[in-house]
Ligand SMILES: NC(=O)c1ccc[n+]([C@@H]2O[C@H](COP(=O)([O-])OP(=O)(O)OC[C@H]3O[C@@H](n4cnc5c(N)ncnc54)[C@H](OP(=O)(O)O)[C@@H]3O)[C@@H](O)[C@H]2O)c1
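Just the one chain here, the form predicted on its own, laid out as structure tokens.
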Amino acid sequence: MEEKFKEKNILIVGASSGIGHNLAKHLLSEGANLITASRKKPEDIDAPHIELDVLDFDAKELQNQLPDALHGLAYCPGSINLKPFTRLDENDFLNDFKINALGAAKIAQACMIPLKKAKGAGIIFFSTVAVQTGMGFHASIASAKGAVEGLTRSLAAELVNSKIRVNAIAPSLTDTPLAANLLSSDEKREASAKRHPLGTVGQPQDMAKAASYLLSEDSSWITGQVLKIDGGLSSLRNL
């Protein structure tokens, strides 16, 4: 495989499972100098690790553990909190916002100096298909991920002169540990697959390959975009 990320320093926050873990393996295979950050060290990932809780971390301490130049940042933590709107309380909204939007903003702030020093860097956030496609029981998570999309576009505009590109990926339901309860039986998995025009459930490697592309120089003219990777759910009618 071509080493597209040779001599490139990339930080993945949330690489212990799911999309982040797949992205970490993919970037390592392409020669990246990878750094991971999460509450526990990812298994099977041979890379320096920073122990970090996105809800409570010291920005200076994180900065001290980063390389002088950072060519890429992927913020992968997320939540799936699906409830009827009348059962959502203030803590539901606050927790989803803190994990998905505020955590992304705080991590990006802490990484800004080395990202600028790279003189050509990429940032990737993760949204959800439920922001642009209304779905019942998604009020809290769609609100939080909507903020992520707003953050993506605002930062892309603000950082363009620093040669930092900012994009997001909006997946539909993906087969990760986070979605285990929603895919816990053959019946649930089949029902979810049928909702997607392509007839399958998303796989973490689908998102990882797209994130790798958006972090690479292959996407050097792409910024401020939200890429929908959802089996056609947001764009096609499944007759």
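Residues carry their position along the shown sequence, with the first being 1. Owing to the predicted nature of the structure, the values given are computational and were not obtained by experimental measurement.
Not on display, but discussed next: the form predicted together with this ligand.
Chemist: Counting any non-hydrogen atom inside 4.5 Å, which residue from Ala147, Ile80, Met112, Ala139 sits next to this ligand in the predicted complex?
Modeler: By the 4.5 Å criterion, the partner-contacting residue is Ile80.
Chemist: The chain here is shown without this ligand. Which stretch in 59-67, 190-198, 177-185, 23-31 comes within 4.5 angstroms of it in the predicted complex, by heavy atom distance?
Modeler: Looking at the partner contacts, the answer comes out as 177-185.
Chemist: Report whether the minimum heavy atom distance between Lys209 and this ligand in the predicted complex is within 4.5 Å.
Modeler: Taking the distances in the predicted complex, the answer for Lys209 is no, it never comes within 4.5 Å of this ligand.
Chemist: Closest heavy atom of Leu52 to this ligand in the predicted complex, within 4.5 Å or not?
Modeler: Leu52 belongs to the contact set for this ligand.
Chemist: Taking this ligand as it sits in the predicted complex, is Ile123 in contact with it (heavy atom to heavy atom, 4.5 Å or less)?
Modeler: Close contact is absent here: in the predicted complex, Ile123 is far from this ligand, nothing within 4.5 Å, heavy atoms only.
Chemist: How about Ala15 - does it come within 4.5 Å of this ligand in the predicted complex, if we only consider non-hydrogen atoms?
Modeler: Residue-level check for Ala15: yes, a contact with this ligand.
Chemist: Even though the chain is shown alone, can you say which residues of 127-156 have a heavy atom within 4.5 Å of this ligand in the predicted complex?
Modeler: Read in sequence order, the residues that approach this ligand (within 4.5 Å, in the predicted complex) are Ser127, Thr128, Lys145.
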